[in-house]
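As structure tokens, one chain now follows by itself in the form predicted on its own.
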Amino acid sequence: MKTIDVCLSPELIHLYDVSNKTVVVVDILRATSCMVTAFAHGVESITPIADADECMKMKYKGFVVSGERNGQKIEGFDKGNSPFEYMDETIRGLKIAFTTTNGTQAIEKSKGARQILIGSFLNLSAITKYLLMSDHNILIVCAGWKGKINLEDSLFAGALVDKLRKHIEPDCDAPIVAQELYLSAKNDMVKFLSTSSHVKRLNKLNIHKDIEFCLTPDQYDVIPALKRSELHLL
């Protein structure tokens, strides 16, 4: 039987051999939620870049430069890190260069995997169906916050483990911990996360609607995947 594991922080990824795994990178609040939303609304590609200065340089190559640091839009960038910025029809066909505090770092650290997919609650069922058909073991990489574990990414990991539980077995205890966390929170994830560090951080920035939206399952039937250095739809 295939196995599933959870890396609760990118700082722990050195403990895993990703070379023959399908890696699902998740940054619920808000990078991977933005990426999924953008592809659902017709963006051509997203180039994830760890360094903000390198991302800015992509503007001169015709890219829309997007992203944040510490939850706030980077000065001089075209777009920030709210999924609602990626719902306009004007993004259709655009190439976006994207950098964030945690999500694009997690993608960078996951390179070397057999396959890298972008996960969120917004495309949870689409990811689930794809992984059920895949032949490879799975590793969920939670972006966390500056190397530390966070609740929202761990909740997503638990939701995915729970959906796959009848067909894919946990590789160690981390998937079990994540699943139990999700089962205790699934009836009201917004309330469950109300005291979490990143929700408090976003609330200070008056970002409320993003939180509820990013915790809403199955809004989109799309799966972004990394192909060389760019994300495209599978």
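A residue's number is simply how far along the shown sequence it sits, counting from 1. As the structure is a computational prediction, the values presented were derived from the model and not from experiment.
Another form, the form predicted in complex with a small molecule, is not on view; read the next lines as being about it.
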Partner-proximal stretch of 127-135, 67-75, 113-121, 157-165 relative to the small molecule in the predicted bound form, 4.5 angstroms, heavy atom: 67-75
Selected contact from 202, 49, 174, 193, since only one has a non-hydrogen atom within 4.5 angstroms of the small molecule in the predicted bound form: 202
Whether 81, 102 and 145 all lie within 4.5 angstroms of the small molecule in the predicted bound form by heavy atom: yes
Partner proximity in the predicted bound form: residue 38 to the small molecule, non-hydrogen atom cutoff 4.5 Å: no
Contact label in the predicted bound form: residue 29 to the small molecule, heavy atom within 4.5 Å: yes
